[in-house]
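We begin with a single chain expressed as structure tokens, specifically the form predicted on its own.
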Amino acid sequence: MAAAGSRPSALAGRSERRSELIAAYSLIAIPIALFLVLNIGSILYALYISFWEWTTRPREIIGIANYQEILGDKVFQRSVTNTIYYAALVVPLQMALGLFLAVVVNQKIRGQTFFRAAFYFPAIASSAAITVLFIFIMSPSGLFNEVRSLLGLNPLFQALGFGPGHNWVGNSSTAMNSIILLNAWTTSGTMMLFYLSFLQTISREIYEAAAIDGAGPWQAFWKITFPLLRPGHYFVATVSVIGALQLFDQAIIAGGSGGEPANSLTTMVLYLYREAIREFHFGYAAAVGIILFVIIFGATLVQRRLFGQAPSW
């Protein structure tokens, strides 16, 4: 009788689990379908049209001719150089500043909530508005040049080759570096939140044990905090690199669709935009997009190799 009674109960349990699975898959079916169509589908479609001569309409299949032309294009090569240079500098700055801010606001300090909000505010402000304001501040007669003049720093800047009325965003030698500093500041709040979420998973007991062993704050950071944040480093580095390789809004606002001055602000995404929207070379632009996808995918695999493995201790 006991066995007979347990059989309906087991069948009811399996039926309930099946219903839960059906409900779960029903909830995620639409997001998955949208992801497959809008993301994976768009990549495959871009790959398809990259083998065409495609302007306002498809003309003919030309194979890998678009890729051959791209790789020989000096402007495209400049865009790749600019993008890699930007990513190589802005990513470490974002990560270092974000980690520093996260460590600061993770302490039990007065006004902790205020500082968290204040540091994060630039990340939620309008990127276009911040860039326009930054261009105004860094103009020849802008606030930055006025302040350095009042502080008597002009001789130092002149020794470095920057005159009193230097146009920091409008000069090819400093345009990209200016955008790097701007974005390192505006995105540091987002990186701070990422690091803060990982910091709060580290048990306080570990720090208490380290303090008993005589470890100071600096030793605790390098021996405990920094190594245990390895998954956080991987996540933040991946997000930062993907974002950096897709730099577009500040570049087009500061340098226009031509990436002025002298293509110093031409990035891969801006180059893609120029070819697709201004020149109507859709097949060519699709090939640029596929190359950018390969670069981003490759960079992500490299980062997983560097940071993504679980710590061995």
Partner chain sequence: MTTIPGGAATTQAIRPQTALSEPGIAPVGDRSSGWRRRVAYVVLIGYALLMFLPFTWTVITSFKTQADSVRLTFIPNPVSLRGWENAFTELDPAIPVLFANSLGIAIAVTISNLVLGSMAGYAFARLRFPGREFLFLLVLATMMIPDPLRLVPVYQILRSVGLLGGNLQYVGVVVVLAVAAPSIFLLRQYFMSIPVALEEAAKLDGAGFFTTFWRIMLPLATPALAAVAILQFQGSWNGFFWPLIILTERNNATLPIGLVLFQEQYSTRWPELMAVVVIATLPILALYLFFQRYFVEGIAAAGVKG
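Positions refer to the first chain, counted from 1. Here, rigid core means the biggest group of C-alpha atoms that superpose within 1.5 Å across both forms. Owing to the predicted nature of the structure, the values given are computational and were not obtained by experimental measurement.
In what follows, reference is made to the form predicted in complex with its partner chain, a form of this protein that is not presented.
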> Is there a heavy atom of Ile70 no more than 4.5 Å from a heavy atom of its partner chain in the predicted complex?
Replying inline: no
>> in the predicted complex, is there a heavy atom of its partner chain that lies within 4.5 Å of any heavy atom of Glu279, even though the partner is absent here?
In response: no
> Taking heavy atoms only, is Arg116 within 4.5 angstroms of its partner chain in the predicted complex?
Replying inline: yes
>> With the partner left out here, check for me: in the predicted complex, does some heavy atom of Leu272 sit within 4.5 Å of its partner chain?
In response: yes
>> For the three residues Ile49, Ile109 and Phe235, which mark the spot I'm curious about, does each lie within 4.5 Å of its partner chain in the predicted complex through at least one heavy atom?
In response: yes
> Here the chain is shown alone; which of Ala211, Ile84, Val75, Leu156 has a heavy atom within 4.5 Å of its partner chain in the predicted complex?
Replying inline: Ala211
> Counting only non-hydrogen atoms, which stretch in 193 to 201, 76 to 84, 171 to 179, 158 to 166 is within 4.5 Å of its partner chain in the predicted complex?
Replying inline: 193 to 201
>> With its partner chain taken in the predicted complex, which residues across 116 to 147 come within 4.5 angstroms through any non-hydrogen atom?
In response: Arg116, Ala117, Ala118, Phe119, Tyr120, Phe121, Pro122, Ala123, Ile124, Ala125, Ser126, Ser127, Ala128, Ala129, Val132, Leu133, Ile135, Phe136, Ile137, Ser139, Ser141, Leu143, Glu146, Val147
> Quick one: core overlaid, is Val294 moving 2 Å or more at the Cα between this form and the one not shown?
Replying inline: no
> Honestly, after the rigid core fit, is Phe35 moving at least 2 Å at Cα between this form and the one not shown?
Replying inline: yes
